[in-house]
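Only one chain is shown below, in structure tokens, and it's the form predicted on its own.
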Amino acid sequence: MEISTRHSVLGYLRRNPALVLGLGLLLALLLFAVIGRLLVDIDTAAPLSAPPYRPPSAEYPLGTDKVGRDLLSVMIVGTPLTLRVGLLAGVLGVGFASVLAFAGAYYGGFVDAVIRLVVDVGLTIPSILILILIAIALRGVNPTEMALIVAATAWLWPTRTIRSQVLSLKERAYVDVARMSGMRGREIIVRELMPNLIPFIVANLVNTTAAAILATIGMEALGLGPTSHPTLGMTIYWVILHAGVLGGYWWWWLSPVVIIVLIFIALYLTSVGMDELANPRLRRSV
């Protein structure tokens, strides 16, 4: 049984190079942060810990910024911080969305009507506007609070997509058999519906995490993020604030931009590679 499962997983990975490459990029970014902490003094990510405006050199491979921070240390600390904020917001958003979607789609009636109305209205309002208003009201946030702010709108789209899948599944014959056997609604949701939608939910989690990271970076670039933490978005904010682009300090903005691009490429490839899991029509035999 274990050998068969192993062959199935290996076969799936062989025919999904996008998933392998996406997960590999994410792993490489995490290893960069983990190994970097062992090789580099991350205390130099604090202001006034290095000479300002130093271009890349043997001593400072990625250079330093205006306030005297070693940008290599900033990237080592900021990369996992940015990923953590996005993942936490994605998990909270998709988790809340799953509860609403399963409850509304399965039970229907007034509960489903209210959920559908709130989601439809919420999706018509630009999410970034809501997030900016919340962040302005809560100035001086930390990374965890930033994730909670982003999660405030991250559940809207997953609720709609997961709900549509539940509406389809609850009409299947095996659900009718479960009802006739005396299973209650919660048991049917947990034991019959949810296991069949786990791949779809995981695919939604990847997409929601990518959207959360994008929203986080956008808000941080506006100065609404955790100013005392060296996240990738806050690094870009300091570049904008101190005219780093106009001043010709290319190394200051190049490092965070490259890592942000790698993060989104990794998440995109992971999402593409998971399409076969989320969509049964794309599944092929090994």
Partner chain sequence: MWAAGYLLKRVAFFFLIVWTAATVNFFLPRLSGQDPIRERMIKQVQSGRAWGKGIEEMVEVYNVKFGLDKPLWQQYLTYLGDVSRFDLGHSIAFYPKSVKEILRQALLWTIGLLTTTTLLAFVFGTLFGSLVAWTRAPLWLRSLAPPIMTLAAIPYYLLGLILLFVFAFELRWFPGHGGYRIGTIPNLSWSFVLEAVEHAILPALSILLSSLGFWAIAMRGMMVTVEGEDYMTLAEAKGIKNRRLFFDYGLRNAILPQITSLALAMGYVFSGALLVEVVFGFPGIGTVLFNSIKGVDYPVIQGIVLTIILTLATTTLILDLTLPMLDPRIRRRA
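Positions refer to the first chain, counted from 1. In this text, all values refer to a predicted model and were calculated from it rather than measured experimentally.
Although it is not shown, the form predicted in complex with the partner chain is what the next lines describe.
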Under a 4.5 Å heavy atom criterion, is residue 218 part of the interface with the partner chain in the predicted bound form? yes
Exercise: residue 250 in contact with the partner chain in the predicted bound form, heavy atom 4.5 Å: yes
Distance check, residue 160 to the partner chain in the predicted bound form, heavy atom within 4.5 Å: yes
Contact label in the predicted bound form: residue 240 to the partner chain, heavy atom within 4.5 Å: yes
Would you mind picking the one in 35, 257, 67, 28 that has a heavy atom within 4.5 Å of the partner chain in the predicted bound form? 257
Heavy atom within 4.5 Å of the partner chain in the predicted bound form - residue from 202, 130, 194, 183: 130
Among 78-86, 112-120, 140-148, 184-192, the region lying within 4.5 Å of the partner chain in the predicted bound form by heavy atom distance: 112-120
Can you list, in sequence order, the residues from 204-228 that come within 4.5 Å of the partner chain in the predicted bound form, counting heavy atoms only? 214, 217, 218, 221, 222, 223, 224
